[in-house]
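One chain follows as structure tokens, the form predicted alone.
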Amino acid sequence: MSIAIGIDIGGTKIAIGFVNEKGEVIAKSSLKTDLDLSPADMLAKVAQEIRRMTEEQGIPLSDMSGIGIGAPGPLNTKTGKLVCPPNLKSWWDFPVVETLQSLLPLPIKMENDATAATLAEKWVGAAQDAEHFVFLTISTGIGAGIYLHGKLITGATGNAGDAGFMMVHPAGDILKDEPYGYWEQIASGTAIARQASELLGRDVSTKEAFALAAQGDAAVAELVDRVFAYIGIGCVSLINLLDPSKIVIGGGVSQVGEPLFEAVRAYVSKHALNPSGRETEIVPAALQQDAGLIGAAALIHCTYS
């Protein structure tokens, strides 16, 4: 049985999983991303945990097929470095692949975390039947992965899909370098919580904002409807630009369920340019909690370029 190691690097935790060729997670663990440690020391802890897991599972490290890494961007997959991820400033320009290779002598591939999750949805998730689709993750921010003509579209340095920084509602003073209206500034989970908190004059979580809207709070319901429309606007832009047959939406915000999907489908059906685009499938992701691990391992198990 072929087993790959998936590593999902995040700003708060690093998840590690052993994934077989069927996309099944057979073992997993996680470590807190300790920003007081150097990235080299943090990766040494990751390598130590992987070795512990191999002993626990009775699988020699040498029997592993390789290591896939999903990491936040901006990054450079050609050099194996994290370039300047906002939530990991101490890791900027750090050679992740080279460092981990020195600790664990296995083949290693690294891609943007949203790109890796896209591959997972194609492999064992909601896009198994699609050759042209976009995966969106809407949570703290907004990211995307692009899969067209049967392969991942990753760009020159692996950063294709930074959809959260599409401008969907221009505001602010552009000439004074104060733009406002990037997609994730107004439609991510973070944005929902911020706007609801401003509206009510107290701290409100994204989950609570959705609950208040469902319970009939008119002001919060209007905010949520506006956010759903902004998500629709972003989807229409992606549909017009890339012509996918399907958009798969995951991440924490997607957990609100049908109210989001119904609103986005309705917006797309009215505003996509091409009649075929108005019929683009908008579906929830099949993989949630383990999507990052499965996607990272898929970099080893699957042909994707």
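Residue positions are given as counts along the sequence shown, with the first one as 1. This structure is a prediction, so every number in the text was calculated from the model and none was measured.
As for the form predicted in complex with adenosine-5'-diphosphate (ADP), it is not shown, yet the points below apply to it.
In the predicted complex, does W91 have a heavy atom within 4.5 Å of adenosine-5'-diphosphate (ADP)? Residue-level check for W91: no, no contact with adenosine-5'-diphosphate (ADP).
Is the gap between L43 and adenosine-5'-diphosphate (ADP) in the predicted complex 4.5 Å or less for some heavy atom pair? The answer is no: L43 has no heavy atom within 4.5 Å of adenosine-5'-diphosphate (ADP).
Spell out, yes or no, whether the shortest heavy atom distance between Q185 and adenosine-5'-diphosphate (ADP) in the predicted complex is within 4.5 Å. Close contact is absent here: in the predicted complex, Q185 is far from adenosine-5'-diphosphate (ADP), nothing within 4.5 Å, heavy atoms only.
With a 4.5 Å heavy atom cut-off, would you call F210 a contact of adenosine-5'-diphosphate (ADP) in the predicted complex? Taking the distances in the predicted complex, the answer for F210 is yes, it comes within 4.5 Å of adenosine-5'-diphosphate (ADP).
Partner absent here, but in the predicted complex, which of 216-224, 77-85, 136-144, 117-125 has residues with a heavy atom within 4.5 Å of adenosine-5'-diphosphate (ADP)? In short, 136-144.
In the predicted complex, which of the listed residues (S245, Q255, S237, T54) lies with a heavy atom within 4.5 Å of adenosine-5'-diphosphate (ADP)? Exactly one listed residue reaches within 4.5 Å, namely Q255.
Note which of G232, G189, G164, G158 lies within 4.5 Å of adenosine-5'-diphosphate (ADP) in the predicted complex, where distance is taken over heavy atoms; exactly one does. Residue within 4.5 Å of the partner: G189.
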